[in-house]
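Encoded as structure tokens, the following chain is the form predicted alone, with no partner shown.
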């Protein structure tokens, strides 16, 4: 589960994000929201210089989200992605340019992270009881894990761009874009806002963000990162941000206990098992929300040591919250410290 708390209240449209935060002093923010991809979307914005037709803009954004969902949903049996997953042949399967773009980005992140991010990991997520099917009565056996690992792996997916098409090297392979599609949709909606001359906004889909310009009082948007505490909502740090995408991944809410062992919903595509390191949450800043979305998931799988190495080698702006016995430690990558002039740490 990914969730952020913000240092502003922009009415009930962002209530899930603003619970317990300080009230926004300005009153000239326009607000719209809706539902998509099994979650909610919302925008807080300053109107354009020519005025903004809020109803027309909301309709346009919702229509665009519906189009993306019709391509990339794994719950809609008629979506483009579902039809590919049910296509058992290893022949090329024609796809839209948009789906091709998201798969291409996903494959690039998979290569960068040595498979820590993998859009074919869905069957393993289901096996461990974190998908749409009900969890089994026992922990998966090594045999069950190995059987599914045989049909998981980003290298078993081939993408063609002209014309756009994808194929699977084994018939049982399935693709799930849920760890990147919301970020992609955020990027698409941001482009629409910019075309409408809306340049100051906070756009969110299921916790993935695109931030531009400033708030009504002329200051940067104040984005608060949630402390990874299981039974409450607390703020760990506040970032003043503008003109960036942001995504957070964590393993501290969606898990279960079995025989004293904690099993997280974050599955390592290489081992086929839930992660077991000390990293509690990762926040990534990137101009592309889709890339931030995928990188946050990958870093969460990699853990604090390998994740730190990746960030420093590839100039990734990331913020780690790490469990250290009873305390919580922080790692801010050099790229993040260059990007965010001031990070306000909140005392426990």
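Everything quoted here is computed from the prediction, not taken from an experiment. Positions refer to the first chain, counted from 1.
Heads up, the form predicted together with a small molecule isn't pictured, but that's what we're talking about next.
Trainee: Name the single residue among 179, 157, 189, 211 that comes within 4.5 Å of the small molecule in the predicted bound form, judging by heavy atoms.
Mentor: Selected option: 179.
Trainee: Note which of 73, 200, 244, 266 lies within 4.5 Å of the small molecule in the predicted bound form, where distance is taken over heavy atoms; exactly one does.
Mentor: Answer to the contact question: 266.
Trainee: Heavy atoms, 4.5 Å, the small molecule in the predicted bound form: which of 41-49, 293-301, 56-64, 318-326 makes the cut? Say which one.
Mentor: The contacting stretch here is 293-301.
Trainee: Is it the case in the predicted bound form that 36, 175 and 184 each bring at least one heavy atom within 4.5 Å of the small molecule?
Mentor: The answer is no; none of 36, 175 and 184 reaches the small molecule.
Trainee: Look up in the predicted bound form whether residue 125 has a non-hydrogen atom within 4.5 angstroms of the small molecule, and give yes or no.
Mentor: Looking in the predicted bound form, residue contacts with the small molecule include residue 125, since a heavy atom lies within 4.5 Å.
Trainee: So, in the predicted bound form, is residue 118 in contact with the small molecule at a 4.5 angstroms heavy atom limit?
Mentor: Residue 118: contacts the small molecule in the predicted bound form.
Trainee: Classify residue 99 as contacting or not contacting the small molecule in the predicted bound form by the rule of any non-hydrogen atom within 4.5 angstroms, answering yes or no.
Mentor: Although the small molecule is absent here, residue 99 would stay clear of it in the predicted bound form, with no heavy atoms inside 4.5 Å.
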